[in-house]
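Quick setup: one chain, the form predicted on its own, written in structure tokens, and binding and motion questions come after.
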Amino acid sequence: MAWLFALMIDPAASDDVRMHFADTFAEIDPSAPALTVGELSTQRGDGIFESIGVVDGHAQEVEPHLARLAHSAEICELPAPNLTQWREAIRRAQAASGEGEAVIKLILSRGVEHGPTPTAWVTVAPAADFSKPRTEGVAVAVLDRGYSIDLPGRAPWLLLGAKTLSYAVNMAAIREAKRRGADDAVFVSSDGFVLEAPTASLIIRRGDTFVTPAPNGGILHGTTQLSLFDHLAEQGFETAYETLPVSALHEAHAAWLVSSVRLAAPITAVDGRPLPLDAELTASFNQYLLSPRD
């Protein structure tokens, strides 16, 4: 990946009332070393992140991403981010993104082991070409996430619902899905309820109602799913959050994986069983998701 831009951030306190934070930024060569060997983000995955889609220099859904960054920081007991500082960093990043699709990543780490402050940085890179999954769709394998749907409320120390840097399990799930002949995975709880994909939210269509799993099972609340639900409501469709059994995925009239950079990828098969692909509706989803969204 050819990184376009990187910016180190000296994190400001959340109650810092300054309007400008230029003196807290240091633009660096994105191909050069930047982190110390004691950095806890690389040693232990101890940190959080956000990936923001950029279309022709416009960063999409910035405020929902910042709200989720703050939520993840709270869950992980990291210092609350100064959102004014991060907004300014995002503006600088999107200015370096150029035409076409790109991705801005926000990273907030606990910092250097035994160090006094967190480490933070922002990067920009071209987005991968997702035209094929957006049009031809993806086959998914259903994988057990290994916990019951009520576990997050009983074990908050598992940090379920936070977007942490610890994505080894998510990547392993995608590799397992590919070993099974699929393109991606959909997690289910050990007691049989649909959760989410390793890097995407799930939306199911039942007639004229669009449903996503209720965020009561440690599900990461998807910014793209929220935006698409607002769009669907404006079009007169019903939207809902429900606790869904696995059978709801198999019986769906259509289904999609949605995320900030891949956007809407229709699901064409679940564990080898075909699922209808609504090409016209999918195209309308992606046309909306590629439009400027604040």
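This structure is a prediction, so every number in the text was calculated from the model and none was measured. The first residue of the sequence shown is number 1, and the count goes up from there.
The same protein has a further form, the form predicted in complex with another copy of the chain, not shown here; the description that follows concerns it.
Chemist: Which residue among 216, 209, 166, 84 has a heavy atom within 4.5 angstroms of another copy of the chain in the predicted complex?
Modeler: It is 166 that has a heavy atom within 4.5 Å of the partner.
Chemist: Name the residue from 253, 44, 231, 58 that puts a heavy atom within 4.5 Å of another copy of the chain in the predicted complex.
Modeler: Of the listed residues, the single hit is 44.
Chemist: Please pick out the stretch from 88-96, 218-226, 201-209, 141-149 that is in contact with another copy of the chain in the predicted complex, where contact means heavy atoms within 4.5 Å.
Modeler: Answer to the contact question: 141-149.
Chemist: Give a yes or no on whether every one of 33, 123 and 175 sits within 4.5 angstroms of another copy of the chain in the predicted complex by heavy atom.
Modeler: Spot residues vs another copy of the chain: full contact, yes.
Chemist: Using a 4.5 Å heavy atom cut-off, state whether residue 136 contacts another copy of the chain in the predicted complex.
Modeler: Output for residue 136 is no: heavy atoms all beyond 4.5 Å of another copy of the chain.
Chemist: Check residue 80 for me: does it contact another copy of the chain in the predicted complex (non-hydrogen atoms, 4.5 angstroms)?
Modeler: Because no heavy atom of residue 80 falls inside 4.5 Å of another copy of the chain in the predicted complex, the answer is no.
Chemist: According to a 4.5 angstroms non-hydrogen atom cut-off, is residue 180 in contact with another copy of the chain in the predicted complex?
Modeler: Residue-level check for residue 180: yes, a contact with another copy of the chain.
Chemist: Using the partner position in the predicted complex, report whether residue 236 sits within 4.5 Å of another copy of the chain, counting heavy atoms only.
Modeler: Although another copy of the chain is absent here, residue 236 would stay clear of it in the predicted complex, with no heavy atoms inside 4.5 Å.
Chemist: What residues of 261-294, in sequence order, lie within 4.5 Å of another copy of the chain in the predicted complex by heavy atom?
Modeler: The stretch 261-294, when checked against another copy of the chain in the predicted complex, contributes no residue at the 4.5 Å heavy-atom cut-off.
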